[in-house]
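One chain comes next, on its own, written as structure tokens: the form predicted on its own.
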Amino acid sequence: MKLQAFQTERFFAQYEFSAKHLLSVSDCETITVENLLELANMTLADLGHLALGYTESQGNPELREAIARTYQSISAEDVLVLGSPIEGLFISFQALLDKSNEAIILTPAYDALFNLPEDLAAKAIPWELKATANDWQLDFERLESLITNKTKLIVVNFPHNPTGFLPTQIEFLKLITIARQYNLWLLCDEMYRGLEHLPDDQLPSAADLYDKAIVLSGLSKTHGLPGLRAGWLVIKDKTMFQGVLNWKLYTSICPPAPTEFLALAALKTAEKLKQKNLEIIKQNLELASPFFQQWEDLFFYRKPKAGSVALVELKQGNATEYAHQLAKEASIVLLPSPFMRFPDRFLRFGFGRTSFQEALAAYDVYLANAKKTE
């Protein structure tokens, strides 16, 4: 299989580790290994005693039990621990798709959610979120019009990256009903689950609602631990589980022992990590509202309902050109929408880090100076 360019990561590679201000990151504020172990009532000595031998291919049984407890109807046997979250997408799509299939992908979407199905299936079809005056909406009539006798898979991501959209429970159940009606697999990326801005808005996991769901989750976003590379798949269907596991044996074979050890520590203190990052997001959203009101002639802002990101519309100009110009002139990084299979007039903002306030202030100065020169 020949893979197309991973545009989002290539874009960030140009600027992420040299720019002063990252306004577009999707992860949340991280902590050190020492801090994590303290929160979990563990020590660096505990980590130091860890043996670096092979681990179980499916994952450490204690870790799988801890993961299973975060769902309603999942057992440890339904959990596959990964070498990294993105490995879960690669091996799932490999097990699911071939050139006789079509896949429908909710867009905008992270590159891997669209590019891999497009490279593997006969056809990958975008199912676009609709931008309304104040929000984003799912178009179920459009979804059903895209389903053919070749359709095998629907791919979604809730809470949604990059828009911050979250369906209602009724809408989510309608999606499950459509997948069941047409006997389709549903791959649901739930990496941002737990970052709902209102606690009552959290959706059930697709894994608890539908036997043909494949759920991806992990500790990179909600828990702010992307450098840990801790992720997992939840798959109830035993035949599909074995097919995906077989692909894993050709990629990472087994999870890294230090990752599993620290992932267990993170799950012990998961609520504290989540609440810390939710507070940061809420504080940053409060800063964002007056900023976008001040610059309403430049941006159309739809406030996110969940997650750590939002997709903001430029009222004029080309988002890709603008993003490169902004990075070069002001050392401020915003991700443009074409890399996420969406029209070239949107920019992704990230609200999950404490550096947001400083970055937004720098952007405000840049815009003010640009206005003076008009």
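Position 1 is the first residue in the sequence shown; the rest follow in order. Given the structure is predicted, the values throughout are model-derived calculations rather than measurements.
Although it is not shown, the form predicted in complex with a small molecule is what the next lines describe.
**Student:** Only one of 179, 216, 138, 91 gets a heavy atom within 4.5 Å of the small molecule in the predicted complex. Which one?
**Tutor:** Answer to the contact question: 216.
**Student:** Can you work out which of 85, 167, 194, 224 has a heavy atom no more than 4.5 Å from the small molecule in the predicted complex?
**Tutor:** Only one listed residue qualifies here, and that residue is 85.
**Student:** Looking at heavy atoms inside 4.5 Å, which stretch does the small molecule contact in the predicted complex, given the options 121-129, 287-295, 271-279, 216-224?
**Tutor:** Heavy atoms within 4.5 Å of the small molecule in the predicted complex occur in 216-224.
**Student:** I'd like to know whether residue 114 contacts the small molecule in the predicted complex, with contact meaning heavy atoms within 4.5 angstroms.
**Tutor:** Residue 114: no contact with the small molecule in the predicted complex.
**Student:** Report whether the minimum heavy atom distance between residue 241 and the small molecule in the predicted complex is within 4.5 Å.
**Tutor:** No, residue 241 is distant from the partner.
**Student:** Even though the small molecule is not shown here, does residue 157 get within 4.5 Å of it in the predicted complex, heavy atoms only?
**Tutor:** Taking the distances in the predicted complex, the answer for residue 157 is yes, it comes within 4.5 Å of the small molecule.
**Student:** Using 4.5 Å between non-hydrogen atoms, is residue 210 touching the small molecule in the predicted complex?
**Tutor:** Heavy-atom contact with the small molecule at 4.5 Å: absent for residue 210.
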